[in-house]
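Below: one protein chain in two forms, given as structure tokens, structure 1 then structure 2.
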Structure 1
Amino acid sequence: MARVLLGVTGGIAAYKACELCRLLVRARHDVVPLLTPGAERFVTAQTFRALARRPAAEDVYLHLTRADLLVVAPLTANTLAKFAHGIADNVLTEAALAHRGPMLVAPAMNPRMWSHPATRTNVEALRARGVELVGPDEGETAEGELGVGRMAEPGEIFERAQELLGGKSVLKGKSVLVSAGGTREPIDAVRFVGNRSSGRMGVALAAEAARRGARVTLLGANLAVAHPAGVEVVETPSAADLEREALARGADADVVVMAAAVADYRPAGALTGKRPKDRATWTVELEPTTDVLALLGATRTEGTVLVGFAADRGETGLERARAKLRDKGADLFVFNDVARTDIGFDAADNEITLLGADGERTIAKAPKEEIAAAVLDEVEGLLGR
């Protein structure tokens, strides 16, 4: 599954984009429709939202998030000119400037507009930047003229989109296991020992792996964010649950990413009922849990890429992460500094240091979706060796 930005501009062929949206969704892609004001004179945004199965309220900056492909169908002469000259005056043209990936456009306009020297110059400017064109086709246009200017058929555009998406990721067809969230260890029937992890980072990793064509299983420990589309989710609320599922499924995975915050300790003897409040002190004895990552490192199948996460504080925490890389049998460790309040726990952004056999590098503060992409870029490099 890939994330596809679907741009629709203000031509009569806008109605055909509905079929293209349906084909992309049927192929299990995450489709984000981006309509220009002109497009909404022909087909409403609500129509595309329903076809793409988008929730009613979404991030207003969704058009600026990382995507695998930008498709624009139909592409009018006006928006084509804006793309060529870097004009960003609506969500689609903003998305085009921010997009860092393949771009596929299906021009549709009057034949004389298509053949005009200004349009030809703009087309060549886009081609020089690597933009792919499909069509336009020859035939009768809406105003009754014959010539080249009709938008290519939705099926043809869809097939070209599939070609651009297919085979570009080393993860395509691979089995990926991701853990996310924070485990909770019961003290009694209603209380637990837990942590602040929301699961946002692990969910972003699972979603990104799925977009790259992997078969993804997500071990979710009390997630505070929505499950990603196209991913099998297995609930693992406690450290014991996560240990059981990770060991059972990790042996068959090509990649294991342990992003969950797994409890290091649990109550030695949880009460079956609720302990009533009184004025007496309550001492709870904690015992260590199994080090799931170290166990995976010791038992993993040859060729499996194992990624660990270390949420710690400052330079001392980074040094501990280096030791974990040496001691736990992982290929890659991701360190994030939880001393900062603007990244990590309870935050939409993160800043990490990647530690591997080839050295270390810092990924600057960015949305967790972009951080996930950077981590998986590193994983793909390890798989490709």
Structure 2
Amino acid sequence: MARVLLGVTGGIAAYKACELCRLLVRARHDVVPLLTPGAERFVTAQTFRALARRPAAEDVYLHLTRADLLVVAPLTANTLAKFAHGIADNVLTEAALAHRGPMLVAPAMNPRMWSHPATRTNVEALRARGVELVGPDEGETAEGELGVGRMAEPGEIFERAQELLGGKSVLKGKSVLVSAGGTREPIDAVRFVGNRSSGRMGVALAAEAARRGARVTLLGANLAVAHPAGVEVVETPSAADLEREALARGADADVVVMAAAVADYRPAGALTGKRPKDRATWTVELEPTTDVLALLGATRTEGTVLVGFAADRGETGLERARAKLRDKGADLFVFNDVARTDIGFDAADNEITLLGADGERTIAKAPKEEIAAAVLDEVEGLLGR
């Protein structure tokens, strides 16, 4: 988790900063909104306090808050000029002078204001000081003029902010192997035995690790969700595929997160063709598959952090997860209770218990992206040891 100062200035695009604030909070950053009086003509400080989950009464020295990153979106021509000249006449411009560390700004203004020589000179002054600009983009402005001046999209600003903050993550440059989805074990050429995993949790973990600067390989077993950006995806539809790829790649990875629901049993002697329909009963015999996690645990390289997932039911399921942590040689186990319908399999949210050598910790129900960040915070702690 990092602390981010979010500056908002007085332009129409100020409403878009609400979305940026939400994305930063969702990524578990401590966001400190700093609105200029000009911004408050467009949006309220209360909206941002609510989004950032901050108390109403702030410190009188708010402008001196130490932070890992200062993001200003939108940045008006006026505040841009103030930054260029070191003027400190409101909480944001004061904070910008006091801030030490990366600064990311998303200018937004009328195209004629953006191309004015005064603005050009001010932009160059900021760039020379290492301030990073995202946008502005070309397009139609709110007042209906065409040209360069539109604020970059909140998602793009967020991605860049995450990259800049990635410099602080222990995962930066590390190689991370994540498995996601549910394997399908063929009965014949067209039928299979499968499970309800969508791959959402594993994909969220892969995306979060990539955001933190890791080199991520995702072993995808029949993913029902889109592939995350910046991640190498290797298709592993069956337990045998996943076993082969996990063993081939696991030894070289710094972190292995086995989030996929790998079949425990597969049909013995799957038919190569399609069995035609007839009236006879079809008995399928199931044989156990390899326990990939236990094998990874037994053969792992020194220093690798190994994370297992246990989707089980209720208190007895949690007991079984505790036993798995002991028996499988993993550093961390993530238990989620699949007896509940609002979390876990194919749901957008999850609620987990993290089990490690140091004890147990429950992460309250939250979107899987936030849960992924909590799991990786724990992994970072283990890597840092």
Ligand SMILES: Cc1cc2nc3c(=O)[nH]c(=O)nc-3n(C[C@H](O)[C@H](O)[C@H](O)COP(=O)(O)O)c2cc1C
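Sequence positions of structure 1, starting at 1, serve as the residue numbers. Owing to the predicted nature of the structure, the values given are computational and were not obtained by experimental measurement. Superpose the two forms; the largest set of C-alphas matching within 1.5 Å is the rigid core.
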query: Index of the chain form predicted in complex with the ligand, chosen from the pair; finding: 2
query: Core-aligned C-alpha movement of Lys174 between structure 1 and structure 2, 2 Å or more; finding: no
query: Core fit, then Gly86 C-alpha moves 2 Å or more between structure 1 and structure 2; finding: yes
query: Threshold 2 Å Cα movement between structure 1 and structure 2 at Thr44, rigid core reference; finding: yes
query: Rigid-core-superposed Cα shift at Leu75 between structure 1 and structure 2, Å; finding: 2.5
